[in-house]
Each structure stands twice: as structure tokens, then as C-alpha cells.
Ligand code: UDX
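Quick heads-up: it's one chain on its own, the form predicted alone, in C-alpha cells.
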């Protein structure tokens, strides 16, 4: 099939590369000339494992091309994927200006039947708005060309997006057109050869499904962070509690790890958007408001622990003269994405408290420099930042941090202190090593403590 993907961002690039990999002819379109020129020359603007190799292979074999020519993309392809950004507005609602702009462009230049697919995360009712935008442009041309609008939300995990796309848990398609449903089935069939996992539903339900999925996962994270806080105060171990409840098949283990809060391009934005959508329907979504509030408070926990442990009597800058080494900056492992990352809040809080901050991350140092500039120190060596530091805090659970050289850590630090926002290490091991260990959700126990 011939496919055009509007928006060469995270979702658009993954979709374009994976559709090309299954044999389709794909045009990826973006208005950013610099980005497109870079992609033509093999420069991938985001880090996602396996994506660069996929793009380069399909480019060289002629199935994937990049352009800023939106007219060409509209005219040449049957299926038009809209994968542009929907940033949150000041009130938390999704900004649809880029989605609707693509819709209008398609309406202005379509030359035959087109299937327009909303791949961007959009509020319920967006397909109707896209349909109206396209129809208005066709009427200006006195054209009666047919088209259909489909909702096909993405469910990609950053760091595992290629596998998620190529081996999906499910593919949700919202359409009321039988012919369109069959074309979408044909498009996705190569990714579901063992078993069809396509779920066809009405458009509004498909739009809601994406928001509901992300809101549920965000809720589990905030719930577990609240349990961790209670465990610290009640003398319980959150790791044991997680094992106890996760073994229940109705609950499962996924998204039940305590941490410094959720971040990234999806959860924060989608929770806000769903709250706003509810408000527009005169519905008070109390649960999601609490999920969001808990998450904002959780981003303060690691800094609070460091200030409590290392801080002086100076109320304004209690960490003056202290050096804090931070492992991990991206919002999760296997990505360089720092959008809404807990590290942003944590480091800003440490700087405000007077600390000198040193940071390491396997992929996100360039992104971090955009946020912090020269206000913090950076290193590509995770141990180099420990020299004479007062504490190490673990913010992101990269694999490189999971089984480090504890003797080297202890020797490098001014005082052997780890404040662990991901609970990566065993308290007994820390006790044996002689490192003061402060994790989340574990009560004080000898040299390992939670408070």
C-alpha cells in the first residue's frame, strides 16, 4: 500500500519505519526542513532502540522517503496518517491546531478517495473535527471526492516501540465504514500473522481507549507511590507488598514499581487532557485529579530525602556546599526523552537548595543541556561524577545502574550514601557494603533506612 505519515516525530517515525518494513511504500512528511534534511542523510532526531537501523534499511531499499512537500504526500498515497503533536494548552486540553491543519491540507489537495487516520493522541470527538475540516476544504473546491476518517491510537512504549509496533498486543481501529475496516485489516495483517489482535469499534470509543489506557497506567503508578509512602511510616517493605499484590492474577505486576513519579510525552499530557475533557462534559473526574496531584508531590520526594539527610540549618539553601551525583535524567530507560521527567523537578529543587549537581545518563545528556545549560555538571562516565560527592541519587533505572561496583561507589563518595528513587538495590547488600541506603517505601533497618 501507499502510505503518507504527517509528522516525523516519535510516533510518526516509528509508524513510517515499521510500515515500510512490512513492504509498504511510505512517505514521511514534516514542515521542519532541517529535520527532513537530517533524516535524508541518516540523522535520526530521537533515540529509540532499533529505529535508526530500520529507517536506514528501508530508505536504501526505496520503501521509505522523507519530504516537506505535503501536496505530493497527499496526492500519492491512499492512507494518510496524522501523527503530529497535540501539546497541552494552558487549561490542560489537547491543542488540535496541527491535527486540523493537516486535515485541511488533505482536503485542499486530495485527488481521489483517501483514508485519513488519526494516529496522534486526540480527545474524543476529534475525528468529527477532522472530517469537518476536510469537508470544508472540499466544498471550497466544489469537489465531491469521498474520504473516511479513522481513529487508530498508538500504544507504544518508549524504549520498546519497534517491538510494540511489529508485535502488538492489540490494534484498535475506530471506524463505521466496512470497506475502510477491511483496508485497515489488510494494512496491519503482516503484524498479526499468528493471531488477529485487531479490535474494530466506533470512532469515539477508539479515541477514548487511548486516554483510558494511559490514565489507568498512571493511576497504578500513583497508587503504588502512595503505598510506598505509607509503608515507610508503618514499618513495611513496599517490595514485599508489590510481590504480594502482584501475584494476584486480577492485578499483575506491571506498573507497580514505586519511583520518583511518571513523566514522558504521554502520561502527564493525557491525564491532563482527560481531566479537561471530563470538565467540558460537566463531569468531575476526582480520581484522575488525585493521580495527577500525587504525581507532582512524588517528584519532590527524592529531593526531600536528600535535604533531610544532608541539609544544614539554613532554611533557604540547606544544601550549600554539598555535591549530589545523579544517575539518570530521561523519564525512563532506553530513551533520551526528558519531557516531564522527574529529574527536571528533582534537580531544580537541589539547585534551589544550594547543591552542586553532577549528572550521568546513557542517552539524555544532550537533552539535559537544553534544560540546565551550565548550571550542572555532566559526564559520560557514571563513576566519574561520584568523586568526593556527598551522595548518589538514582533517578532513572537504566540497566547500567542495576548492578554497579559498590566498592568503587563507596570509595569515591565523600560519605557512603545512596538515595535510591528506583529501589534497585537490596538493603542487606547495602548493609554488608557499609553504604547508607535510603530507598522508597522501606522502613528504617540498621544502615538501610527509608526516611
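Everything numeric here is computed off the predicted structure, so don't read it as measured data. Positions refer to the first chain, counted from 1.
This protein has a second form, the form predicted in complex with the ligand, left out of what is shown; the following refers to that one.
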Practice problem: Give a yes or no on whether every one of 327, 385 and 413 sits within 4.5 angstroms of the ligand in the model of the complex by heavy atom. | Solution: no
Self-check item: Selected contact from 256, 376, 288, 183, since only one has a non-hydrogen atom within 4.5 angstroms of the ligand in the model of the complex
Solution: 256
Quiz item: Only one of 338, 266, 231, 84 has a non-hydrogen atom within 4.5 angstroms of the ligand in the model of the complex; which is it?
Solution: 266
Quiz item: Taking the partner as it appears in the model of the complex, which of 232-240, 102-110, 201-209, 328-336 has residues with heavy atoms within 4.5 Å of the ligand?
Solution: 328-336
Quiz item: Any chance residue 174 has a heavy atom within 4.5 Å of the ligand in the model of the complex?
Solution: no
Quiz item: Can residue 158 be called a contact residue for the ligand in the model of the complex at 4.5 Å between heavy atoms?
Solution: yes
Quiz item: So in the model of the complex, does any heavy atom of residue 361 sit within 4.5 Å of the ligand?
Solution: no
Quiz item: Is there a non-hydrogen atom of residue 214 within 4.5 angstroms of a non-hydrogen atom of the ligand in the model of the complex?
Solution: yes
